[in-house]
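Starting off, we have a lone chain in the form predicted alone, written out as structure tokens.
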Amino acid sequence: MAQIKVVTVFGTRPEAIKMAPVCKALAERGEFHSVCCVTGQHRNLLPPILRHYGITPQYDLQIMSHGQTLTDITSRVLLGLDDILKNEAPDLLMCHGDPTTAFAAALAAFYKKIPVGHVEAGLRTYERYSPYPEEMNRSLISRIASLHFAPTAGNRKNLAAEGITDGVYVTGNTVIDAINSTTLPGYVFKTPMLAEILAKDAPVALLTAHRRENYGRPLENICRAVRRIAADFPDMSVVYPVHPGAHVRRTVFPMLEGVKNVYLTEPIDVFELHQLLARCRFVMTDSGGLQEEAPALGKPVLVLRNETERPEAVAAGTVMLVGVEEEPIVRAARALMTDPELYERMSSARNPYGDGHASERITSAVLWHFGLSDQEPRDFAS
């Protein structure tokens, strides 16, 4: 085999952040012919990431539409990839994590009998509707994939418990590769609001909340808690990049707009977000990626969910699972603001998710799998 042709497919910003270092690693190795396909699921959020890594997608499915459903995304990705996979006939399709884009891409490859490599494999909550639809997406991808790039040894154990032991490699998480290149010393914020907030030299909390299972009452509880936290600590700024989805905005804006020290912004590009993350005091989030990114920068995380597929950070002590009820959220945030010992313990906990070399391990594992390397990849050890 002269070259291994790999088609990478991603569509959301979290996928792009975590797959861009993999695409770059593939492009830098002569053993690979790398083909990049974006689906356009997060149409306006990908270009800065692609530019940073010098990635020009060969294909763009342009699936995004107003009010799109999970069925819309799945069907459009399947149809969009049909001819691409037929014409490219890759040796491997690589997808990431748990978005619907990733599941649909894996299914499209399966229909063409093309092997699938799953980056960020083996994460589980074992609650099929939490997170929804991600828990089912990643479980189904695991049934399809031939290569499983598990960030941690715990993720490998999850796969083994499901009978998946072949083609499993512990690599660390590629988000650590990414954040090592996007957090820049001396960075000057382009967003005037962020520049003004950070110039105050006062505590900043970063908040994100957008998961489907938190729509309605849970998100209302989160907003009520944030109002109380903001009132308790008037010198602190809470920065909330609000997801563009209507279900989120019609709850968040009526409840938080006008609160003096809560700043509701449009989604922030990854570089601004990572600089903000590096400079904030702590994070409140229902996101998955921030649970991995924040520990790498020594930032405590309050997870606004009832369960997490990333228990390693909870065990390490850098993440606290606080749920979606108002009182526990307020209590945990107050503790981080007033208890120096707790803050020091959480901020100094060791990051269990990687050392910045996950993409190298992934490319090495692919070479080993296809017989182009005689050096078996070594697992990442947290």
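The first residue of the shown sequence is 1; numbering continues from there. All values reported here derive from a predicted model rather than from experimental measurement.
In what follows, reference is made to the form predicted together with a small molecule, a form of this protein that is not presented.
- Among heavy atoms of residue 124, none comes within 4.5 Å of the small molecule in the model of the complex.
- In the model of the complex, at least one heavy atom of residue 210 sits within 4.5 Å of the small molecule.
- Interface membership of residue 17, defined by any non-hydrogen atom within 4.5 Å of the small molecule in the model of the complex, is confirmed.
- Among heavy atoms of residue 158, none comes within 4.5 Å of the small molecule in the model of the complex.
- Contact here is defined as any heavy atom lying within 4.5 Å of the small molecule in the model of the complex, and by that definition not a single one of 21, 27 and 47 is a contact residue.
- 267 is the sole member of 203, 90, 167, 267 with a non-hydrogen atom within 4.5 Å of the small molecule in the model of the complex.
- For the options 284, 290, 280, 85, the residue carrying a heavy atom within 4.5 angstroms of the small molecule in the model of the complex is 290.
- Screening 193-201, 69-77, 103-111, 210-218 for residues having heavy atoms within 4.5 Å of the small molecule in the model of the complex returns a single hit, 210-218.
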